[in-house]
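Okay, here we've got a single chain as structure tokens, the form predicted on its own, with questions on binding and movement later.
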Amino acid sequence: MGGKIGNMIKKGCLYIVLVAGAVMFVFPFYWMLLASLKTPEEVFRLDLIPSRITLDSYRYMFERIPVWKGLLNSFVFAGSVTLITLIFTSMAGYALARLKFRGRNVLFSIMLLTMMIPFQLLMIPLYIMVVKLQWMNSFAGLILPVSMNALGVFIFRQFFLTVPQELIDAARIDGAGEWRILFRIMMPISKPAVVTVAILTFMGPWNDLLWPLLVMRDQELMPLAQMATLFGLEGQGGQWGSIMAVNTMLALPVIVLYLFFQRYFIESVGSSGMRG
């Protein structure tokens, strides 16, 4: 009896901690959404329910910012980076996991080391490279320098290591080359790894501000995050509701993407994707 009561108390404490953590995580998003629906006078109040819900902040935002153009540019930027990253990181992951060649472990160690280097250290060399190639103010300069990441290679390598060798040997006996094995056999059975790399990669350029600010000058080509920042810097300090409305529009696609693919994401992170 005492044991059951003790377990119930432990479970109750665990649930309280989990609920508290969930509330702490969700509350900033809820406040952002709420602030975008409040009147300017109530934006900074911590009321959980506003006295009046208004869409004025959204109307002001659409009047001052080409939101749909910014969203399209963000999709082009983030989608292209994600697609290129999936192709090249899967190729590198397959080579490191399944091809035997001299220096493979050294290459893998160097790749892991690059994960420790912050982007700020690479930013200046990348910027000089973009200027030399005359890619400034273009999607090529915005997309290509950030279209490879070591984390994607790591996730694919770890997932490919879990695929039985017999499957690959059977494909080779049937005459399949390495390209066919990778894109026709390995990739279709690696949905959790593909989705995980896609979501993690997509979020980077979608929310990125620093790199677009360096490369992009033409407003017609700016992603929405850059437009929102410039909107906030252009003396719109009194329009916090509109700034929260832009941020809500920016966060919504990523949240929908995660909710739609969360099963694969959790499966990959929880099983082989992050296993050493």
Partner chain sequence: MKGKRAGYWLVLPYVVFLLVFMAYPVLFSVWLTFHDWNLVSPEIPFVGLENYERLLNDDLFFKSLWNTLRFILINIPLQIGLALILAVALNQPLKGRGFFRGAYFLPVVTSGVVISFLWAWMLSTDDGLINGLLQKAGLHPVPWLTSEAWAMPSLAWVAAWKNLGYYVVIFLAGLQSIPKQLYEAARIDGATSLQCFFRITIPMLNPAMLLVVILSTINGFQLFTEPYIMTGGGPANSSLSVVMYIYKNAFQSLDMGYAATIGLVLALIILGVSMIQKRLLEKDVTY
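Positions refer to the first chain, counted from 1. These numbers come from a predicted model, not from an experiment. Here the rigid core means the biggest group of C-alpha atoms that line up within 1.5 Å when the two forms are laid on top of each other.
The next section is about a form of this same protein that is not shown, the form predicted in complex with the partner chain.
Which of 72-80, 96-104, 156-164, 188-196 has heavy atoms within 4.5 Å of the partner chain in the predicted bound form?
Looking at the other structure, the answer is 96-104.
So, Arg184 and the partner chain: in the predicted bound form, are they within 4.5 Å at any heavy atom pair?
Outside the cut-off, so no.
Since only the chain is shown here, I'm wondering whether Tyr58 would be in contact with the partner chain in the predicted bound form (any heavy atom pair within 4.5 Å).
Because no heavy atom of Tyr58 falls inside 4.5 Å of the partner chain in the predicted bound form, the answer is no.
Just checking whether Asn207 would be counted as a contact of the partner chain in the predicted bound form - the rule being heavy atoms within 4.5 angstroms.
Asn207 belongs to the contact set for the partner chain.
For Leu46, is any heavy atom within 4.5 Å of the partner chain in the predicted bound form, or not?
Residue-level check for Leu46: yes, a contact with the partner chain.
Report the residue, out of Pro50, Pro40, Gly232, Pro66, that has at least one non-hydrogen atom within 4.5 angstroms of the partner chain in the predicted bound form.
For this set of options, the contacting one is Gly232.
Output the sequence-ordered list of residues from 24-49 with at least one heavy atom within 4.5 Å of the partner chain in the predicted bound form.
Sequence-ordered list: Met24, Phe25, Val26, Phe27, Pro28, Phe29, Trp31, Met32, Ala35, Val43, Phe44, Leu46.
After a rigid core superposition, would you say the CA of Glu42 moves by 2 angstroms or more between the shown form and the other one, or not?
Yes; Glu42 is a residue whose C-alpha shifts (by 2 Å or more) between the shown form and the other one when the cores are overlaid.
Against the rigid core, is the Cα displacement of Gln226 between the shown form and the other one at least 2 Å?
Result for Gln226: no, shift under 2 Å.
When the rigid core is used for the superposition, does Met244 move between the shown form and the other one (threshold: C-alpha shift of 2 Å or more)?
Indeed, Met244 is displaced by 2 Å or more.
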